[in-house]
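One chain comes next, on its own, written out as structure tokens in the form predicted alone.
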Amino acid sequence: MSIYSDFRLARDEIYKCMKCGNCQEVCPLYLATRKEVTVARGKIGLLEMFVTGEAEMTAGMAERMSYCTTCMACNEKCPCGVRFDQILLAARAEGARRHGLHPIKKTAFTMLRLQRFFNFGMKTGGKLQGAIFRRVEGRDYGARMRVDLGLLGQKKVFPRLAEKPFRENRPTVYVQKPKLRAAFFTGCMINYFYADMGEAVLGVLKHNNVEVLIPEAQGCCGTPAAVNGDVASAIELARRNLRAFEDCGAEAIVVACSSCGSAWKHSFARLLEDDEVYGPLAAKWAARTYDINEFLVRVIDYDRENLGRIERKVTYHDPCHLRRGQNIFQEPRDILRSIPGVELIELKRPDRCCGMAGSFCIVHPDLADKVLAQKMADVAQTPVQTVATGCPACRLQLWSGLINTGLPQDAVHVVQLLNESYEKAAAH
């Protein structure tokens, strides 16, 4: 039995909280609003009343649980070691069981489960996006919605949908004398929006003599469903992906998205811990899944000799689910520092949440923008040309903030800079 299926398992974590308020110092939502309901202590206070029977899990209480980006900064700061992210996931699952999901979320997660239908919808959207989005003037990349649908607003800048998903007709990358045979879990963002990131991953792995498989049957990692309490959808998606990768013949899984990596390393095992068939598979692949930065530095010892020069000042934004979710923060910095000509200049708060947090950005766009404004103020004070990160969702949020703030920097994944460096060296 897991926290997703029984809220009582979160009681011990709730009772650890001594209400000191240290979480206020690091909570991005509290710093943006100064409202107690947005911080861990405030929500734990409500849930303690629910546990003791002093209050019901009303729709209002369940809605208040949505005020969190799951950045886990409070976990890191808490002197009592409270795992608030686990409390929150249990609370959201309990709220969904009692009150159901918002119709938009229910529709979205149903589509994610119907992979062929979802893929068709995204491909159709790629062809018709001109009717929905208008290009950002003065920029060759990105678009805003033509009509405000009341969710994301018209200011949000999106990458253009790929007319053809990245995974479609993507062959296995064969190399002579491969060091390793790895399977690439692309995730939805790379597959439908950021094909350039996917190509960079393939280019870097091929350069380092890694054979790459891309299982066709893979789909969404299920994180959007899991963090919103739709446990049934998250379990179905986890099983689908485990089946697809178990049968592909790879020795390891490589991901370039922090949320997808956390799903493979942590969420699948929690969701399936009572499943006699898929539980062991989840544990097996959790130990064989690597973020691309981690894989390059810790597993294959990537080629640092044949690198071309890139004259650029770069800063790095730590994705929450990479730094605090997977303890990966030094590896991307090591990669950036290894590229000739790249000068890494740190942000004042590189690990502060950017406000994207998947569906949080959709449900609470105004709050997400307030959190993003803090990040953009940090970037504005850092003399760089490029903001690098380790997550496609963070890249989207950063790019939108840069354009709307009028800042000249671009936003890329670390692996794109490394691939660019390899290509420059090969061209000379």
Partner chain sequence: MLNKELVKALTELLGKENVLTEPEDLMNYAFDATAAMPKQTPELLVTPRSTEQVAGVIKLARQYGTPIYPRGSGTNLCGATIPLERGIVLMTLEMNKILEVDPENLTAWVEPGVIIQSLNDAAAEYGLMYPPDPGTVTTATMGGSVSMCSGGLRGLKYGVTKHYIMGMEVVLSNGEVIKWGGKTVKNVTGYDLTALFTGGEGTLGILTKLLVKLNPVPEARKSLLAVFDDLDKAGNTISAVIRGKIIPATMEIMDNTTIRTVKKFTGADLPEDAEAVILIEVDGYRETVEREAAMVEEICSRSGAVSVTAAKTDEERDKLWLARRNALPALAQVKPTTVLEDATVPRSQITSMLRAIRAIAHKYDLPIGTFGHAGDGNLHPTILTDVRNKEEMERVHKAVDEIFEAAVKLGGTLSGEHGVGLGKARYLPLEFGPAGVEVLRWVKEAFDPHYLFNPGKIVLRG
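Given the structure is predicted, the values throughout are model-derived calculations rather than measurements. Positions refer to the first chain, counted from 1.
Below, we refer to the form predicted in complex with the partner chain, which is not included among the displayed structures.
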**OP:** Using heavy atoms only and a 4.5 Å cut-off, determine which of V363, M61, V384, A373 is in contact with the partner chain in the predicted bound form.
**Re:** M61
**OP:** Verify the contact flag for C20: yes if a non-hydrogen atom of it lies within 4.5 Å of a non-hydrogen atom of the partner chain in the predicted bound form, no if not.
**Re:** yes
Subject >> Distance check, P171 to the partner chain in the predicted bound form, heavy atom within 4.5 Å >> reply: no
Original post:
Applying a 4.5 Å heavy atom distance criterion, does Y30 contact the partner chain in the predicted bound form?
Top reply: yes
Original post:
Does the 4.5 Å heavy atom contact test between P103 and the partner chain in the predicted bound form come out positive?
Top reply: no
**OP:** Select, from the options 355-363, 376-384, 50-58, 391-399, the stretch whose residues sit within 4.5 angstroms of the partner chain in the predicted bound form by heavy atom distance.
**Re:** 50-58
**OP:** Select from 283-310 the residues with a non-hydrogen atom within 4.5 Å of the partner chain in the predicted bound form and write them out in sequence order.
**Re:** none
